[in-house]
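First, one chain by itself in structure tokens, the form predicted on its own.
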Amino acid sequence: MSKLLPPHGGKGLTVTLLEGSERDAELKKAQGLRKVEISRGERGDLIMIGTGGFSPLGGFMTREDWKGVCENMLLADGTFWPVPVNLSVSKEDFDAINDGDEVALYFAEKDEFMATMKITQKWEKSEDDKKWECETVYKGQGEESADDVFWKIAMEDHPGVQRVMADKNYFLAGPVKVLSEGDFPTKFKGTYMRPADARAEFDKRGWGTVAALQLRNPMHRSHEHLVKIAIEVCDGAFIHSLIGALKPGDIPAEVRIECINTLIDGYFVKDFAVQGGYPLDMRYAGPREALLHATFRQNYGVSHMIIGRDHAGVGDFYTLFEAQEIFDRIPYAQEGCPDPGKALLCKPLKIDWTFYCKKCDGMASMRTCPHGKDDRVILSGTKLRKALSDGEPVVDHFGREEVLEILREYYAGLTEKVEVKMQKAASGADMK
């Protein structure tokens, strides 16, 4: 019997991905339905719904779900959920579709039918609604989220806000039957995992407690240190990389996967570390996204989510440990849930700011190192990307040399580089 946490929502894995003859029949039906185009971000959400990664969601949210998630982090039925998962459509599609209709969800970039969907609700968001969503979900406590600053810069500097405001004002809700996982299973063969795959791997290893590390940057010494701490207190660690879309200037998934494999091969006991990939695009929602990461990781069998400094942040919209603090304020975190399956069971593994200390002669944190700022090598993915992008030397103890060689080769092959903006969290400006 599995020792892993049950999936979120109390209903087991909600899998809507069809396979075999059932998929063939539904795909044939899709070709005769009204074709509704979806965005790249919606495609990632759809695949997560299909594979059970977004359990208990079986489709896109109603207006009641959306409002409850933004306002209280609860779906309409009282299940914890921290970030909206919506499907926006054109006015033409909205007007032509009625409740009860079935439509085909189509990803034009790859010329692929991704799913069929039965419409249970048509609903709208005004521009004010979208701004309210941005303020409740994406606005943090950092200096760039101050009331007199946020809307002056968010449309230019916050990818999550850009995504919400770029949505059309018309939305469809309803269950989906997913027909495809896109090119993720082939492009990332051996790394891409469905929740059931991850659970089977953890069960095979006899794990009951599993800590996940969220990665969107190359794995540097601080990440390595975090995972090794987690392995000491849990049965094993799941290094779980985002393989969907990032913002310009971030490093592609293929390169990051090679870096992680190199680290696991050279610096980990393989019995206690597993690498996996998942197909979402980053939302950069900081604290709310940290909660989303814990929520869907529970579906993968994870019991603890590693939350360090500036988790899922962008710019200076969030304070350094805001993503840790939010776990203490979520519904059901400190009081009983009427249905325990609806509460978030995956716990945060909160770890302080980590760095290399020259005087300690090793990795340390603010809680373990008594020395000053001048003795510390401040590690961050953004700082590493900026140094490599600008052709600057990488300071000693920042990363493993084998990994840095992979990254240098990648940057040397770029014909066009994107300027990497340094925020305070990455530069170490806030370190005392």
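Note that residue numbering begins at 1 and tracks the sequence as displayed. In this text the structure is predicted, and so the values were computed from the model without any measurement.
There is another form of the same protein, the form predicted together with a further copy of the same chain; it is not shown, and what comes next is about it.
Novice: Given that a further copy of the same chain is not shown alongside this chain, does G236 nevertheless sit within 4.5 Å of it in the predicted complex, heavy atom to heavy atom?
Specialist: G236: yes, in contact with a further copy of the same chain in the predicted complex.
Novice: Any of the heavy atoms of F80 lying within 4.5 Å of a further copy of the same chain in the predicted complex?
Specialist: Result no; F80 lies far from a further copy of the same chain in the predicted complex.
Novice: Heavy atom to heavy atom, is D352 within 4.5 Å of a further copy of the same chain in the predicted complex?
Specialist: Yes, D352 sits close enough to a further copy of the same chain in the predicted complex that at least one of its heavy atoms falls within 4.5 Å.
Novice: Flag V85 as yes or no: does it have a non-hydrogen atom within 4.5 angstroms of any non-hydrogen atom of a further copy of the same chain in the predicted complex?
Specialist: The answer is no: V85 has no heavy atom within 4.5 Å of a further copy of the same chain.
Novice: Can you pick the stretch from 378 to 386, 46 to 54, 362 to 370, 65 to 73 whose heavy atoms fall within 4.5 Å of a further copy of the same chain in the predicted complex?
Specialist: Partner-contacting stretch among the options: 362 to 370.
Novice: Verify the flagged residues Y267, Y356 and R400 against a further copy of the same chain in the predicted complex: is each one within 4.5 Å by a non-hydrogen atom?
Specialist: The answer is yes; Y267, Y356 and R400 each reach a further copy of the same chain.
Novice: Exactly one of I153, M165, I229, I330 has a non-hydrogen atom within 4.5 Å of a further copy of the same chain in the predicted complex; which residue is it?
Specialist: After the contact test, the surviving option is I229.
Novice: Name the single residue among W123, F272, F188, F107 that comes within 4.5 Å of a further copy of the same chain in the predicted complex, judging by heavy atoms.
Specialist: Only one option qualifies, and that one is F272.
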